[in-house]
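First comes one chain, alone, set out as structure tokens in the form predicted alone.
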């Protein structure tokens, strides 16, 4: 099976420093021949390696503004986290108007769609439609993490479309009905804070094809906006969303929008993994809703953002207070949402730990893996190019590594060979009789 990944490697910049392998939550990176290598089936496109790489060798492949030329009518759907990148003096209204000045014809806030999705999820939770604790599907990196490391929890995932996808569908429908455009004439572009959202568009888990036509790098868009902000006197009234939808940009924001009381909000890959482990052990059963985001602080901490996540989170909180969290109640868009809200694809686990298609051979390899692991030092130093000793043992069993990739095992071997060389150097062929010199 092939995988699309927005996270890519620039081999020219990569120094083989092993920093990335230490922080990857799914052990998807190895260093081989002095360069990092990404294992496709393990990578969840969380972008942690982008954030951590000291040489900027990891990057996210996104679309550019030139892609707008492929469509007759251009629509921008900004993520709520975009608002947190600007100083509080720069209003949401000004940001939205400045987006139009970049060449877009129409703007539809993802935050507005988030309010609709919040209402829909809240209603479905009240009906008991999801296994408790119900796990938010808002962060695509977290969902792929569950596929890779916690497949037993897949039945807990809320399989309702993300605000990004809902926004794209609603705006295309509206423009077809109100302006008479054909669907192929409308280009919808999402401004993303992370690589995972790019992958969710190019290779969606929820649908056969995304309604989003392109994904723009938030940092690149910010650079254009900050230097080309429109004058306040020339603005149109574009903002529709209130604090409920904008709050989805930060950890705990979705739970706030759901008006959920019995919830747990967790952010950061390491923390998410710890909570998932507890959940897999049968704990946390008293929780109704579990909100998890791969990036610290939530989407405002995404690897494609520009502002410090703590500062951006503070700004989003100010916007929540400013615009309020009042529930507006169902409208026509909400009624339309009920027609397509659920995923059409079944969420399946990724078989990344399968050592062999033949069960008997796989069992033999697992036994061999454990034997190799016992002989490794257990220091998990990463010098071998794998994140830990177990990962190296797995690579060896798969035929993609050697015991002597471990610097300690190599040193032991060199020491033995050196002793043999000394021993041999003192031996004299019988024909010579005695040592010369």
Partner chain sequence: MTTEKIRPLVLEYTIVSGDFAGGGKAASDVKRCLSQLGCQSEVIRRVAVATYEAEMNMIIHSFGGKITIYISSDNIRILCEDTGPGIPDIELAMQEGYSTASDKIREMGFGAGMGLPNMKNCSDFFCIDSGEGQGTKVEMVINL
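Because the structure is a prediction, the values reported are computed rather than measured. Positions refer to the first chain, counted from 1.
Keep in mind that the form predicted together with the partner chain is missing from the display, and what follows is about it.
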item: Contact residue in the predicted bound form, chosen from 122, 366, 327, 220 - any heavy atom within 4.5 Å of the partner chain; value: 366
item: Contact residue in the predicted bound form, from 238, 347, 101, 152 (heavy atom within 4.5 Å of the partner chain); value: 152
item: Non-hydrogen atom within 4.5 angstroms of the partner chain in the predicted bound form for each of 129, 173 and 177; value: no
item: Distance check, residue 283 to the partner chain in the predicted bound form, heavy atom within 4.5 Å; value: yes
item: Contact label in the predicted bound form: residue 306 to the partner chain, heavy atom within 4.5 Å; value: no
item: Any non-hydrogen atom of residue 394 within 4.5 angstroms of the partner chain in the predicted bound form; value: yes
item: The partner chain contact in the predicted bound form: residue 370, any heavy atom under 4.5 Å; value: yes
item: Proximity to the partner chain in the predicted bound form (heavy atom, within 4.5 Å), stretch among 63-71, 386-394, 28-36, 46-54; value: 386-394
